[in-house]
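Starting off, we have a lone chain in the form predicted on its own, written out as structure tokens.
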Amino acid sequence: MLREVLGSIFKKPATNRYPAQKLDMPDKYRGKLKFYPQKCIGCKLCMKDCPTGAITINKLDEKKFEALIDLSRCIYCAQCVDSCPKKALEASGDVELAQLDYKKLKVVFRAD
């Protein structure tokens, strides 16, 4: 047992130093959703394909739309990203989504 203890002193740790060092997420990681309202055409395919109903697309004006995304319901499957014909949705590498206030998990994206 002493050999194991002494041998582990010189080995690199197997764990990450999170949160002291931020994680580098791999490409194509399915984290928090981003919505680009200027690309949205209002087809609502993302709403139809979302298995949990976490996305709501509302029409603001002619050719202007907003997205309400409920992150507490989202399972981060990225089906909405795959089904959007104009690539108005994107999965980011943001994984720090924990909130104490439930209302902060409902995100509204609208064009300025």
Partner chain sequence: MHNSEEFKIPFGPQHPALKEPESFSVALKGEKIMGVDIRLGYNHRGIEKAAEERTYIQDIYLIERVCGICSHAHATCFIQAVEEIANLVVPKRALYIRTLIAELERVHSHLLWLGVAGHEIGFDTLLMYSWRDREVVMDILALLTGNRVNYGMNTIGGVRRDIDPEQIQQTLKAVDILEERTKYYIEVATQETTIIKRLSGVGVVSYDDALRLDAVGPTARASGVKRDIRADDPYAAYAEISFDVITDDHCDVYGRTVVRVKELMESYKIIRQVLKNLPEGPIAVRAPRMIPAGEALSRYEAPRGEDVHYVKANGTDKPERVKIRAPTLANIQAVKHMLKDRYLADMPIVIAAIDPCFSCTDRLVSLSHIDSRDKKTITWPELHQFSIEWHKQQGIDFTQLNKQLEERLKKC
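Each form is matched to the other, and the largest set of C-alpha atoms that superpose within 1.5 Å is called the rigid core. Every value quoted in this text rests on a predicted model; they were computed, and no experiment measured them. Residue numbers count along the first chain shown, from 1.
Form predicted together with the partner chain: not shown, discussed below.
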property	result
Site check 58, 69 and 102: each within 4.5 Å of the partner chain in the predicted bound form by heavy atom	no
Close approach of residue 87 to the partner chain in the predicted bound form, 4.5 Å, heavy atom	no
Interface membership of residue 50, the partner chain in the predicted bound form, 4.5 Å heavy atom rule	yes
In the predicted bound form, residue 75 touching the partner chain (heavy atom, 4.5 Å)	yes
Partner proximity in the predicted bound form: residue 34 to the partner chain, non-hydrogen atom cutoff 4.5 Å	no
Contacts with the partner chain in the predicted bound form, stretch 25 to 61 (heavy atom within 4.5 Å)	26, 28, 29, 30, 45, 48, 49, 50, 51
Cα displacement of residue 103 between the shown form and the other one reaching 2 Å, rigid core superposed	no
